[in-house]
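One protein chain, two forms: both are listed below as structure tokens, the first as structure 1 and the second as structure 2.
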Structure 1
């Protein structure tokens, strides 16, 4: 059985890692982009970002002043057992979030939408978000924390089958141009695209595609993988670079996830992760052992299953 103490202690470590340590996959992608960027201001921003990441790690401070909105993704192996059950798990994650907001520190971004009540700890009604996934085997749980900006960098459109791939491309480009011109996202970023599902699940797909896949990962469907590469190149060809300045550094990588949808529709969402790509992962085993990593490995074959039975 996995103890609550282990969960809370591990969650606290993850919160610090996500805020301070940029994942190597994103850092490698950013360095590669900086080598080819030729826009003056865009190049300056990329170099400043790289220097900022080094300073953040050396000083053990959050790499961005706006530390986003902490959220949790929990993956459970089918044989895992948690002390106190799921309610106790969520309480532990809320305690870890509140504690980390003070100790790291993180900016307390969460307020009541109407009364603007602020508990100064990033915890409140529906905050932090906690989403779940399951795997058919395993006596472990994965704790994944993502600190994503909570204001902009996301859009949704109801497309139709007749719009086809060209319609998907148009909305993709419309979104990126809007993000860059209006300052709605911090580029360069991992772009997640959700296609299909219903409106709510489409938004979830796109956000998970942005936040829970690493740079260089490809969709196992070869045709979708081709689209991912095409969209990445397309996004970097619109004349916008880092933070919306002139350049070609808009998209570090593009990840696409799909879900079966109503026969008459083709929903689509576009999400830009933060330029800091703040995520951290730990697997906790029933033995109490903990393994840390940066790849969420969320989209397994089980998560993408099409059949009735597994």
Structure 2
């Protein structure tokens, strides 16, 4: 049985790692971009960001002053068991979120949508979000925290089959151009695209494609993987770079996830995981051992399951 104390301690470590350490896959992607960026202003911005990640690590301070909205993705092996069950797990994650907010410190971003009440701890009604997934085997649980920033860079549209790939491209470009102006999306970003499902699941797919897949990985469907590559190139050919200055650094990587949808429609969502692509992951085993990593490895074959029985 996995003890609550281990969960809470691990969650506290993850909150800090996410806020302070830029994941390596994103960092390598950005370094590669900085090498080829030829816009003088855009290039200056990339260099400043690279320096910023170093400073964050050296001083052990949050990489960005806007520390985003902490949320949790929990994945459970089918044989795992947790002391106190899922309800105890959720309160441990809520406690870890609240105490990390003052100890790191994070910005207390979460407020009531109407009354703007702030508990100064990033916890409130429905916050942090906690989402779940399961895997057929294993006695472990994965704790994944994502501190997604950015009010800008996300959009949804109901397209139709006759809009086709050209319609998808247009909406992709529209999203990048509108949120990239003045750099509101804090690009270059990991762009996640959800296609299909229904309105809500399309948003979830796109967000997970941005936040739970790493730079460099590919969709297992080779034709979708080709689209990912094509869209990345397309985004970097707009002529716009970091902060909306002339340049070519918009898309660090493009990840697409799909879900079966109504036969008449073709939902599409676009999400930008910003210059502070904060995610941190730990696997806790039944033995109490903890392994830290930065790749959530969320989209397994089981998560994308295609048929009636597994």
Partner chain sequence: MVSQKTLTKIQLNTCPTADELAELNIGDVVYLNGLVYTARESVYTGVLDGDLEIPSEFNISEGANFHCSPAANQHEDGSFSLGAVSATASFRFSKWIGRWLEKTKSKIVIGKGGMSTNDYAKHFVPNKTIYLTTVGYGTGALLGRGVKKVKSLYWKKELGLAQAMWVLEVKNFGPFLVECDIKGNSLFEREHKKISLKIDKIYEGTRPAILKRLGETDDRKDELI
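Only residues modelled in both forms are compared. In this text, rigid core is short for the largest set of C-alphas that superpose within 1.5 Å between two forms. Note that this is a predicted model, so its numbers are computed, not measured. Residue numbers count along the first chain shown, from 1.
As for origin, structure 2 is the form predicted in complex with its partner chain and structure 1 is not. Segment displaced between structures 1 and 2 is 182 to 184 alone (run of at least 3 consecutive residues, each Cα moved 2 Å or more after rigid core superposition).
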